[in-house]
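Only one chain is given next, in structure tokens, and it is the form predicted alone.
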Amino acid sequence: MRSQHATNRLASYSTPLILAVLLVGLVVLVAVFGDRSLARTAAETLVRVTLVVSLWIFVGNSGVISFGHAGYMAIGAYCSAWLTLKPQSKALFLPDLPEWLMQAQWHVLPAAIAGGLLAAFIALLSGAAILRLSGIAASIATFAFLAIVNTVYSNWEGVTGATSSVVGLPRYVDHWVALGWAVAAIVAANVYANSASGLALRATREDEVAARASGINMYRHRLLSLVISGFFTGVSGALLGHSIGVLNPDSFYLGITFISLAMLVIGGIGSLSGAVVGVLLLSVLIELLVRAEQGISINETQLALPSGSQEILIGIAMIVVLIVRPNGLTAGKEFKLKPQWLRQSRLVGAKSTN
């Protein structure tokens, strides 16, 4: 029995290894065969992986749909900007920053971590109030949080630049940096999902009444998952800012909220593998649609999709997937090595040592 439990546990921990190999393979192909444009697309895709995986840490385990994660993303992005922009740029764009922030000029890595920590702290404070609600009420409250963050950041002119874009961020994030954070988010998500807290939280997702009757503290586990999720969401915001070099509050509002939830739903909200698959497939679709909107030449004929086709076709794709596969493309199943393969490898290893 103990051997069977250990084998099943090893199988569950093989999921991040498989997903990491998939992402590494993608980056290696881009590095070997791609151009600068494709490398930039790969970096953006891997930043989305970090975002959607961090969203899954909370949504996938709790079953509560969150519309507020773009707010944590904005918090992490602007925190990183405050710490990394040159003092001259901050004096120009963000004149009301405190003096110690005005003079700060950190490296992007500690700044991204600081952005994640600030987002996690705000997630703790906001979650302490929001997560006392359940179901649709909690989801609406997360949207209210997003609206509050967007309103504050869109009007706090001396600190965030308001609706004016903050430019001049060091473009440090390439596909290799984004890959490292994407793998880190996947590993953290898998570790949490297989922890006692993650298992308890999924029990509340399946049957809230039975879980409460079993003595599970749903509020505490939801809050913990939101804090972990908030950290990686804040980091993804910092990565996005240092990937494109520009920040604007509208970049962290409805558009990115819709696309991240679409990726999660299409891939399969019930599994970590589904979150990653949804990002990869939808990112490919987005890139194809963007190029189609720009125009494609076929036999001296210029064909182009009407502006706005991207959002319409992604919405249609969501509807089709929900009709054909309500649980997403992965149907809530994880990519993992089969237990019998792991048992065979352990037996081979034992024989070789003997």
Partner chain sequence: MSNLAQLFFDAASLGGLYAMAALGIALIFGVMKLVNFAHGEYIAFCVFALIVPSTDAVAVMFLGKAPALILIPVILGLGAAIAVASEYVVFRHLRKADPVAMMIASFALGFVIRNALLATYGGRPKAVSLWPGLNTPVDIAGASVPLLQLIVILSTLLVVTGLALLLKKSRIGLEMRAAAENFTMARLLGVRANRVITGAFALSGALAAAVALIMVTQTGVADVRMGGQIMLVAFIATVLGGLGSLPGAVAAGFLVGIVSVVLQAWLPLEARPFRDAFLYTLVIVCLLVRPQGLFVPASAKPRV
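Since the structure is predicted, the reported quantities are computational estimates derived from the model, not experimental observations. Numbering follows the first chain given and starts at 1.
What comes next is about the form predicted in complex with the partner chain, which is not displayed.
Asks: Flag residue 307 as yes or no: does it have a non-hydrogen atom within 4.5 angstroms of any non-hydrogen atom of the partner chain in the predicted bound form?
Replies: Contact check for residue 307: yes, within 4.5 Å of the partner chain in the predicted bound form.
Asks: Counting only non-hydrogen atoms and a 4.5 angstroms cut-off, does residue 194 reach the partner chain in the predicted bound form?
Replies: Contact with the partner chain, no.
Asks: May I ask you to check whether residue 289 falls inside a 4.5 Å heavy atom distance of the partner chain in the predicted bound form?
Replies: Output for residue 289 is no: heavy atoms all beyond 4.5 Å of the partner chain.
Asks: Answer with yes or no whether residue 86 is in contact with the partner chain in the predicted bound form, where contact means some heavy atom within 4.5 Å.
Replies: Outside the cut-off, so no.
Asks: Though the partner chain is not shown, can you say which of 281, 187, 244, 147 has a heavy atom within 4.5 Å of it in the predicted bound form?
Replies: By the 4.5 Å criterion, the partner-contacting residue is 147.
Asks: Which residue, 121, 106, 172, 258, has a heavy atom that falls within 4.5 Å of the partner chain in the predicted bound form?
Replies: Checked against the cut-off, the match is 258.
Asks: Based on heavy atom distances of at most 4.5 Å to the partner chain in the predicted bound form, which listed stretch, 109 to 117, 175 to 183, 94 to 102, 260 to 268, is the contact stretch?
Replies: Heavy-atom contact with the partner occurs in 260 to 268.
Asks: Using a 4.5 Å heavy atom cutoff, which residues in 143 to 164 contact the partner chain in the predicted bound form? It's fine if the answer is none.
Replies: Read in sequence order, the residues that approach the partner chain (within 4.5 Å, in the predicted bound form) are 143, 144, 147, 148, 151, 152, 155, 156.
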